[in-house]
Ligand SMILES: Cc1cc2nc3c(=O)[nH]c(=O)nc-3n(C[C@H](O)[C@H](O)[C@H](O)COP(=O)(O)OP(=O)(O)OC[C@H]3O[C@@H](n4cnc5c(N)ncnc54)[C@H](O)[C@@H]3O)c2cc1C
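Presented below, as structure tokens, is a lone chain in the form predicted alone.
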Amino acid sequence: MQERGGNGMAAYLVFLEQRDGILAEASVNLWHRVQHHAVPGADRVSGFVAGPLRPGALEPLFGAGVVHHAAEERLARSSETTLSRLLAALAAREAITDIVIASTSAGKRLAPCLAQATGASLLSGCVAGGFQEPVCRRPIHCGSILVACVPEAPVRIYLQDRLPQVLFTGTEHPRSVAFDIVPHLDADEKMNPAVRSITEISRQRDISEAGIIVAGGRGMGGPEGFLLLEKLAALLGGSVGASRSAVDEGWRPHGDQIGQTGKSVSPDLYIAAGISGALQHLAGLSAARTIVAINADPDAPVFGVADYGIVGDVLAVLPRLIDVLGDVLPKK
């Protein structure tokens, strides 16, 4: 069994990422996951959010717990160093045993800084286990080996990939979230003025949080081929991803890259269009629930991991698929 605090309880701290005053969906889902896993009447669940929040920002959170809020304006887009300092102090004050962070771009930057500040065991990339089990199992060497990691430090940090949503209702899980203002930073503690925030504006959900991903590779032929993927993603309510080769060609931004050198994703549906299936790419989608592959090469490695496959020219298959879905989906 996983070691707990001296009183036999686990004390969870969920990092609640906010974007423009609204809690990120990945963080809300993670809060509910921890609430679902915590032992009622025994474990403690708390959260931490930095920066000003919009009115009603905490309403999506169900279950019991305390949200610690560092409300200063300058923390709205603070550095990982500042956040880790605040979180480390809070974790020590509240005797936290487990810190849980969503595996978003911000979470991946924060987790190692926080591990260094707290001396905690950092567990990331778990395809099984995580904060729900005492052992974290994660793939290495492009998914060819599955290793088991057992944390040794008294404090554990879990960088958690996207999980299926836990749907709470006000009747079954009433909201009893308390609110706590974290003390201000010391007046003589200066934040580095050289650090700036670069924000990319996008209409689609970040692929690390998306439930449906339509990804393209070199087989799309160029940036114009990705227009078809944009249409398909819009019909399905999903996001567009890309292989490294497509990103290297400049057809998609690096933020859309999926694979060992990009983002790991865990969507309910992953459509791989014109992607051959190199090990480096497949390593980033090992947690996908259903994979559909479209490729002209019947021997493409991607078919070895796909649940469904279509052998054909992707630029001929996609328009027909879009037409069919356009006729069917509005009728549902």
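We number the residues from 1 along the sequence you see. Predicted, not measured: the structure shown is a model, and the values here were computed from it.
Another form, the form predicted in complex with this ligand, is not on view; read the next lines as being about it.
When contacts are defined as a non-hydrogen atom within 4.5 Å, none of Glu80, Val100 and Pro112 contacts this ligand in the predicted bound form.
Between the options Ile291, Val45, Val28, Ala300, the residue in contact with this ligand in the predicted bound form by a heavy atom within 4.5 angstroms is Ala300. The partner is absent here, but in the predicted bound form a heavy atom of Gly262, alone among Gly211, Gly225, Pro151, Gly262, sits within 4.5 Å of this ligand. Among heavy atoms of Gly219, some come within 4.5 Å of this ligand in the predicted bound form. Using a 4.5 Å cutoff between non-hydrogen atoms, Ser124 does not count as a contact of this ligand in the predicted bound form. Contact annotation for Ser266: none of its heavy atoms lies within 4.5 Å of this ligand in the predicted bound form.
Although the partner is absent here, Arg244 lies within 4.5 Å of this ligand in the predicted bound form, judged by heavy atoms.
Only one of 253 to 261, 83 to 91, 232 to 240, 113 to 121 lies within 4.5 Å of this ligand in the predicted bound form by heavy atoms, and it is 253 to 261.
Scanning 250 to 287 for heavy atoms within 4.5 Å of this ligand in the predicted bound form gives Gln257, Ile258, Gly259, Gln260, Thr261, Gly262, Gly274, Ile275, Ser276, Gly277, Ala278, Gln280, His281 in sequence order.
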